[in-house]
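Below sits a lone chain in C-alpha cells, taken as the form predicted on its own.
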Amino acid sequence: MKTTSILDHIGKTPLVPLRALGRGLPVPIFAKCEHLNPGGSVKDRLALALVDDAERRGLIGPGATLVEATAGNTGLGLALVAAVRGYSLVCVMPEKMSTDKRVALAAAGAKVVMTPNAAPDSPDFFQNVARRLADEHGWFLTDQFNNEANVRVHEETTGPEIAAQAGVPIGAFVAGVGTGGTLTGVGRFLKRSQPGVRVVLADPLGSGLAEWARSGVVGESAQYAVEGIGTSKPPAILDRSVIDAVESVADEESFAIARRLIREEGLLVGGSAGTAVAAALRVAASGRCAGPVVALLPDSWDRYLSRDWLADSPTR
C-alpha cells in the first residue's frame, strides 16, 4: 500500500475475541478495537471524514481554523488531520473531561477552551460555545453532532469491516452514543446486509438517552462519570429506528469491566469500552442471539490515567 501520511492508517482496526470475559457464554463476544486508531479512538475516522467533506465542498482552504465541541477524542483526531493538512484547531470541551485529554490536545497543537458542565439549553453548553466562536471569528465548525459525513464514514468503513472480519452473520452490535454517528452508520449497514442482526445501545446509567431510545421521550438525567457517551439531548444524526434494545450500565460496572479488559484481555481501553462490553455480556448471555456479539471499544486508556477508576485501581 502506498502511504502518504499517518492518515492512511485510520481504520481497518482489529476485531478480536474476548476469551476471558466471554468464557461460558452461549455465543462469542468480539471487540472492535477502535482504540488502536492512530489518534487512539474511533473518532479518527470521523475527524478525517469531516475535513475531507469540507475540502471537497470548498468550505475550507489552506490555513483555515477548525473549531469543534468535543469530549476529547474528536479533538485529538482533528489534531492529527490539522497537523497533516496545515490547519489550526480550537477545541471546546466541558470541564467534566479528564485533565489527560486537555494536556494531550494542547500537546497536539490545539487551543483548548474549557466550558462549565452546562445543560444543552445554556449558552455555556460546549456545543453552543463552539458555534458562537465559529460565528464570531469566522472559523469553520466541523459540527460532528449534526454532520451526515459522520454517519456516512461508519456506514462505508466501520460496518463493512466488522462484517468482513467476523466472517459469519453477526447476532448483535453493541456501542455507546456520543454523536450517534457510529451506532447509526454501523447499524444501517448491518441491518441492510445482515437481516436479523440486533443493534443495542449501551448507555451510562444517568443518561436520558436510554429512555428516548425506548420511548421517544428523553428520560431524567443524573450525574455519571463515564466520559464521551450518553446525553440529555439526542444528537440530530442519531437514527432511533436502528436501535433494537438498550442496556443501561452503572459507572461502577463500566469501570470494573474496563479494568478487566485491560488486565485479562490486554486491551488498553477507557471507561466507555467497559460500558459497551458490560452491555454486550448481557446481550450474549440472554440467549437471543444466533451469532456473535460485537462490542465497539471507542478509545484508549491513555486519556484516563489520572482518573481515580484507573489511577487508584487495586492491585491483584
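Fair warning: this is a prediction, and the values are worked out from it, not measured in the lab. The numbering used is simple: start at 1 and walk along the sequence shown.
The form predicted in complex with a small molecule is left out here; the points below concern that form.
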{"item": "Candidate stretches 85 to 93, 213 to 221, 68 to 76, 158 to 166 - the one whose heavy atoms come within 4.5 Å of the small molecule in the predicted complex", "value": "68 to 76"}
{"item": "Touches the small molecule in the predicted complex: Pro204 (any heavy atom, 4.5 Å)", "value": "no"}
{"item": "Heavy atom of Leu190 within 4.5 Å of the small molecule in the predicted complex", "value": "no"}
{"item": "Contact flag, Val174 vs the small molecule in the predicted complex, heavy atom cut 4.5 Å", "value": "no"}
{"item": "Glu227: touches the small molecule in the predicted complex, heavy atom cutoff 4.5 angstroms", "value": "yes"}
